[in-house]
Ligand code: AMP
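A lone chain, given as structure tokens: the form predicted alone.
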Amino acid sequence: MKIFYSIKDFIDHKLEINVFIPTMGNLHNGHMSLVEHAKKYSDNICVSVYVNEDQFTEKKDFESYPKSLEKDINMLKKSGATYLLLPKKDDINFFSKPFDIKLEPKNLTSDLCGKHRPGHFLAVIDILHRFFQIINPKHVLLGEKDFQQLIVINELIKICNYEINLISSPIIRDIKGLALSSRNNHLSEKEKIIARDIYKSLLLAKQMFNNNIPINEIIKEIHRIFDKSPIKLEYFTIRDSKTLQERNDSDLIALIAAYVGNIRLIDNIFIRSGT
């Protein structure tokens, strides 16, 4: 695996990148599953590690974000990634143009997680817009845990007419169902046990839907459950999985965001799919 610390060096190599996997580091088995998924498309895989400060609503969250670069590099070497890009903010800005904020798809970026984290998705759009200019990949591969991010980046590709194929990769969970996340490192062992109730609530929602319980009743029941839980629910909803708008066809996804202690966790589950 070749490591690039300079974007100029990366550009000077005139690489043709088939699959690009953007990350913020502190890698775990969920990230490694992305690399394995990417191998189905190509053995030419570029991973980036860049903690984008602009994505964090609170500065303290950025400062406390776990960093483990040496471990990340060792994991990626073993994973079979071809290239690793470790850019600096000034370097990124110099070699790319910002996203035109007038084009922001606010129907997506100001809803759900965007409603509770103002500016977050615009920052995500901007950094990936910049990476796309620099790397020019054929495919970009993202995990399904942050499903809203997938939909937002798909919209970015449409807005900017990028000839990039967006690939989604399934959520990886521990043996008890907790979705793998770098944020889990901030949870105590007791909090990890509590956090597993998030996935249990999604499974219950799917079961209720399969038992023909109306969607509005499912949403009310999940809220009732969390009213009695140490987990603080931020939102739970069921939406069209292609657009994240209100339900209007056969593809449905349940989405949840909640706090365990001070740690915000997100998860989702497909509850009906026509594909």
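All residue numbers are counted from 1 along the displayed sequence. None of these values were measured; they are calculated from a predicted model.
Not on display, but discussed next: the form predicted in complex with the ligand.
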Checklist entry - Pick from 197 to 205, 139 to 147, 107 to 115, 86 to 94: which stretch has a heavy atom within 4.5 Å of the ligand in the model of the complex? => result 139 to 147
Next on the checklist: Does any part of residue 42 reach within 4.5 Å of the ligand in the model of the complex? Heavy atoms only, please.
Outcome noted: no
Next on the checklist: If we define contact as a non-hydrogen atom of the residue within 4.5 angstroms of the partner, is residue 255 a contact of the ligand in the model of the complex?
Outcome noted: no
Next on the checklist: Test of understanding: in the model of the complex, would residue 261 fall inside 4.5 Å of the ligand by heavy atoms?
Outcome noted: no
Checklist entry - For residue 65, is any heavy atom within 4.5 Å of the ligand in the model of the complex, or not? => result yes
Item to check | Contact assignment for the ligand in the model of the complex, among 171, 73, 164, 122, heavy atom within 4.5 Å | outcome: 171
Next on the checklist: Under a 4.5 angstroms heavy atom criterion, identify the one residue in 159, 187, 134, 180 near the ligand in the model of the complex.
Outcome noted: 180
Checklist entry - the ligand in the model of the complex: within 4.5 Å of a heavy atom of each of 210, 214 and 220? => result no
Item to check | Stretch 80 to 95 - residues with a heavy atom within 4.5 Å of the ligand in the model of the complex | outcome: none
